[in-house]
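Here we start with a single chain on its own, the form predicted alone, put down as structure tokens.
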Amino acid sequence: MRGHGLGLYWRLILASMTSQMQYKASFILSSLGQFAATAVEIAGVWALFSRFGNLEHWNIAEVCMFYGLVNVSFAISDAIGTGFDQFGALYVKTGHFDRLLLRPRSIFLQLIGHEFALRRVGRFSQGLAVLAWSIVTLEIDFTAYQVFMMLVTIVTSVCFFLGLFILQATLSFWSVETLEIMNTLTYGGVECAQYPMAIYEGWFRRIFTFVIPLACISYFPVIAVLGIDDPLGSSRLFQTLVPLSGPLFLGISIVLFQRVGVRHYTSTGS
């Protein structure tokens, strides 16, 4: 059944991509818009370092490593998580969630296969370009471990941000119009993770390490990728293991959505 579900997912994604490519000009313009909008962010980072020099212990190339990995990861999660990101407006508010409940497939599969947002390739490309510049500038002699940790950072970050989209969808069962607080964790989390967590206050770091594991999937594994000593004193073993909190966070989010959110759904009757 799992293999069949995976096959169905890929067919849904292929259908979504095919439909979007029917309007190639729209796709290109949307992608360029995403690229330009995120390019403004990195321009702000450059302006900051140009004016003030290093940011405590960190130079611009190291910060760009954080920036590139986080934006590549968020672009992937944003592309595959559109169904959950727009869940409140598309399904709960309109009552169309009833249709999903009647279909003989899991709710999660239907929502994750809702749309693969190709336009996110703009943010992905911009983040990848910044990441490539950072690697070239830092002249890191990558080991197999560092390559592995870079891949771990991307995968676990995708899990974390997708988990946030699912939590947002869960809250939609109680409130459709007042979900801006979740944007402080999704888009605000991206902004936060673009800089080393060590520059923030202690109370802030504790919240985004032990309550919302943003630092666990961005800061600590990137330290391992850079191959430097952590100013916060974490060990390599800790940096290697702590990204597991990303998939764990995703798993908890899925359980909350299915066992708490869905059970409290009240149809509009339309």
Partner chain sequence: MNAVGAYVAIVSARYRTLLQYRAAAFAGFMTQVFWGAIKIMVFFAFYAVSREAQPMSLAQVVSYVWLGQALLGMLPWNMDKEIEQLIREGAVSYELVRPLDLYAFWFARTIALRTATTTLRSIPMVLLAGVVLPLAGQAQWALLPPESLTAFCVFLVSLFWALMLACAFTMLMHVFLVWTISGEGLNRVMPSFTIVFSGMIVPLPLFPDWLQPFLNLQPFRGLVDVPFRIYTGSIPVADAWPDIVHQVIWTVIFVAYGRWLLQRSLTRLVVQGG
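For clarity, a rigid core is taken as the largest C-alpha set superposing within 1.5 Å between two forms. Since this is a predicted model, take the numbers as computed values, not measurements. Positions refer to the first chain, counted from 1.
The same protein has a further form, the form predicted together with the partner chain, not shown here; the description that follows concerns it.
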Location of the partner chain contact in the predicted bound form, chosen stretch of 238-246, 48-56, 217-225, 65-73 [non-hydrogen atom, 4.5 Å]: 48-56
In the predicted bound form, Phe116 touching the partner chain (heavy atom, 4.5 Å): no
Heavy atom of Ile199 within 4.5 Å of the partner chain in the predicted bound form: yes
Partner proximity in the predicted bound form: Ala36 to the partner chain, non-hydrogen atom cutoff 4.5 Å: yes
Contact flag, Gly233 vs the partner chain in the predicted bound form, heavy atom cut 4.5 Å: no
Partner contacts in the predicted bound form for 19-33 (non-hydrogen atom within 4.5 angstroms of the partner chain): Ala25, Leu29, Ser30, Leu32, Gly33
Is_shifted Leu14 between this form and the one not shown (CA, 2 Å cut-off, rigid core): no
Ser26 C-alpha moves between this form and the one not shown by 2 Å or more, core aligned: yes
